[in-house]
Every structure is written in structure tokens, then in C-alpha cells.
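To begin, one chain is listed below as C-alpha cells, in the form predicted alone.
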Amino acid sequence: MLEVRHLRTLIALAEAGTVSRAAERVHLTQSALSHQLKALESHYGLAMVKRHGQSVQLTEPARRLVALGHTVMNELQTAERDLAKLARKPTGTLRIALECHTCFDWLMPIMDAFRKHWPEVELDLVSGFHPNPLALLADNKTDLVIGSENKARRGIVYHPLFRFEVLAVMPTDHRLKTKRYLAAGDFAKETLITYPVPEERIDLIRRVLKPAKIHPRRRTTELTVAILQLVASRRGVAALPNWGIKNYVDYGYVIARRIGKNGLWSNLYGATTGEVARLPFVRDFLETARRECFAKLDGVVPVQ
């Protein structure tokens, strides 16, 4: 018998591409997920996936169920949203602070969708660069912080969004363009262009350069497009999320390389207080953000 959990599993497989990543997304072991697939295949007498090494490709029957799954999940979320409104009329403000300012590109469409579903809730962006974004939660100056930090803090709840790769961004004729990936020493003579945030909040500096005792010159600007313009104009190099630079790389504006042989990966979370986490419209916002990001952003995977 087809159940909602089966649809969630197939959607996760379609978006994640491997059994291991899909299992993480739906909070199952790999064997439990494989058991679900076998149950579906036995019920319908049709294969659901084709395996290619670690990756899987969905068959035509599975793709049909994925299409059904998207419809069902949307209707289910709408129903849960309506029930939450019937149980308690939602009012208030959802104030959002961003640690990762490349998030603006995907956040704005999600905020637009949220307004249609929750017109009673006022949305507000807490502007500016904040040296300690999580302190805004404790001071009741924001309700949701989107960033990479997930250190255990009393009263703070972290909601995993997705995992992404940080790439080195260089001008198209850079001296290192033939390298498959960059090591820490490759940055020694470069000017590193970053947002105006403390060094401990920059993954490249904190996790790669400082351990190697590499201290490149640093130049800052507040806008992602300004960072990319400076890189394209040979003023330095940058390190930005893969999904944030895809269009610029595709159009040949800049080039990107991995940082380290296995890449430099980072997780993105939504952080709230425990009280805010229980609000139905906050849960709906986070679920919408996860769903839309996995469907539309290039190269993101589930948080491990």
C-alpha cells in the first residue's frame, strides 16, 4: 500500500541522488530506506530505481510517484497550515537576520510565497552585518537567524537547512586556473575579498588558512555582486557558496575551483529560540525553505 512516507522517500531520492543522502533527509537508515523501495517494487511489480555505483536513477514509475508526491506534500502542508490557523489565529512578526548574505537570492522568493500563505504575519529583514547574529535572538531583536553556526547554546534551537560547498572564485585568466583545486598556500600572495565580518565567521580563513598559518591581504565589501565584480576585475579572489556563483561561472564571468582535494563544505541552519520554534508559521517557513532550496539550488545536499 502506498503511504506518505513512501512519497517522501522517493522525493528525497530524486533530489539527493544517492541512497545515503536521501536516508539522511528522511531520517532513516540506508537499510530502512532500501526496505521501503523493495516494498514498493513488490507492491507494484515495477522497479523504482536503477543503481549506478553510489548514485541512483529513478525509473519512469518512480518519477510518476514523485510527481504525485509533490502534489500530495503541497496539499498536506496547506492542510496543516489551515489547521494551525483554525487552532490559533496566527499574528505577529517574523524577523529574519542573515549571516550568509548570498542567501538573499533564494530567500526573497521564499518570503514572497510565505506572505501569500500567512498574510497575518509581518515579515521583516534585520538589515546590516552583525558581529554576533545569535546574540540578536537572546536580545529579542530577531526571531530567526540564517547562518552556519550551530554551537550548542542554552535556549537556541538549530534547524538544518542544507549543506553546500564553498568554492574559490578567481578571474578567468588567473595564474592558478589550471589547478583542479587550491591548497592553503595558493592563497598566500592573494588579496582575499570577503564580506565585512570577523575572520572566525569565514570558513576559508578559520578552517583552511589559519591552521596553515597563511594570512593573505583582505579587502571587504557588503554586496555579493561587488565581490564578484572585484574578482572579475583582477582585484583579488573570493570564497563563496557553489549555488551563489553558478550563474556567474556559467556565463564565463569568473571561474571557480574546489578548496582542498575533498572540497570545503559548510552547513546552513536556521536558529531560533525554543519558544519561536513552536510557532506553526515558523515551522512552515523553515519547511518551505528546505523544500524550495533542495528543488532549485544547484549542488546542495542534506546536512550530515
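Since this is a predicted model, take the numbers as computed values, not measurements. Note that the rigid core is defined as the largest set of C-alphas that superpose within 1.5 Å between two forms. Residue positions are given as counts along the sequence shown, with the first one as 1.
One more form of this protein should be noted, the form predicted together with the DNA, which is absent from this view; the next part is about it.
Pick from 66 to 74, 268 to 276, 46 to 54, 237 to 245: which stretch has a heavy atom within 4.5 Å of the DNA in the predicted bound form? The contacting stretch is 46 to 54.
Please state whether every one of the three residues 5, 30 and 38 places a non-hydrogen atom within 4.5 angstroms of the DNA in the predicted bound form. Spot residues vs the DNA: full contact, yes.
Hey, in the predicted bound form, is residue 19 touching the DNA, heavy atoms inside 4.5 Å? Contact with the DNA, yes.
So in the predicted bound form, does any heavy atom of residue 180 sit within 4.5 Å of the DNA? Because a heavy atom of residue 180 falls inside 4.5 Å of the DNA in the predicted bound form, the answer is yes.
Is residue 59 a contact residue for the DNA in the predicted bound form, using a 4.5 Å heavy atom cut-off? Residue 59: no contact with the DNA in the predicted bound form.
For a quick test of reading the superposition: does residue 36 move by 2 Å or more at the CA between the shown form and the other one, rigid core aligned? It does, since the residue 36 C-alpha is displaced 2 Å or more between the shown form and the other one after the core fit.
Flag for residue 18, CA shift 2 Å or larger between the shown form and the other one after aligning core: Comparing forms between the shown form and the other one, the residue 18 CA shifts at least 2 Å.
With a shift of at least 3 angstroms, figure out whether the C-alpha spacing between residue 247 and residue 54 grows or shrinks in the predicted bound form: closer or farther? Distance between the C-alphas of residue 247 and residue 54: shorter in the predicted bound form, by 3 Å or more.
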